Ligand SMILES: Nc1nc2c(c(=O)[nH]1)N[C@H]1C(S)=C(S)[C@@H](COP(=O)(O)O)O[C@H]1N2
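Starting off, we have a lone chain in the form predicted alone, written out as structure tokens.
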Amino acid sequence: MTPRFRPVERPDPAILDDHRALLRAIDRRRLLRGGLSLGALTMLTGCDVRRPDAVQSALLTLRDMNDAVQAWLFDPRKLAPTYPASQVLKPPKFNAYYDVTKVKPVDAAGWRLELSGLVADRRPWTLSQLTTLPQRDMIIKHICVEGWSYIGEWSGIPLGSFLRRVGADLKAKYVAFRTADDYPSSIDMATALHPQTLLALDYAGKTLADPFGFPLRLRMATKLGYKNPKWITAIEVTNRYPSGYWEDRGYSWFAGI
């Protein structure tokens, strides 16, 4: 089901206050994993739990409210915590919706990063071209919606810098990603321009290995793990809501941490 959330309008102040109280009562991960009890759902939404469609509608409403409030509260200038190199997990933890044995390595020689949408210069980029761009390093925590986490060291091109270089419309609402494993995802422009949002090329000082997204993956310090697609093949800047793999399956679109 396609989410209804659109991060463009400010929520009503009264709704915002109500939802802050709601967030204190409900753990986001329990909601996303389906751990919210039917009794609590009835109390919070007034839905008829005997009707599966009513339960689903109520859960989606809560999810969309959560997305809207997170977008409203997001501060694009605030940095997420960073960590010492001694805490970096080597290699990183593999995470995908399939087993690591199903990973299909990407041919670097034939790989191109395609650009589309509200971008002035849509010429594709090769891997060798990307490696010539200024890069930055960050050691941040990867937080999975399933409850586990690890600290990783990522190096790559700040997505905001790349978008400016190719003449992207920075007032557009969304930045969407296509991937070699058909795992599309999308983020809001404010997060795309955040200084801790990278097009990652390296991990712990070495080129990304195949299971972890070679040649290019998204790595953000401000989102849950499933919002960080690997094996990126295309970027689109758009005002049309693009959704994503997990978002189409009921997961939160904004997914901030």
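For clarity, every value in this text was computed on a predicted model and none was experimentally measured. From 1 onward, residues are counted along the sequence shown.
The next section is about a form of this same protein that is not shown, the form predicted together with the ligand.
Proximity of N95, Y150 and W231 to the ligand in the model of the complex is complete: all three residues have a non-hydrogen atom within 4.5 angstroms. Comment: 136-144 is the region of 136-144, 108-116, 164-172, 78-86 lying near the ligand in the model of the complex, near meaning a non-hydrogen atom within 4.5 Å. Taking non-hydrogen atoms only, Y183 approaches the ligand to within 4.5 angstroms in the model of the complex. Of the heavy atoms in F214, none are within 4.5 Å of the ligand in the model of the complex.
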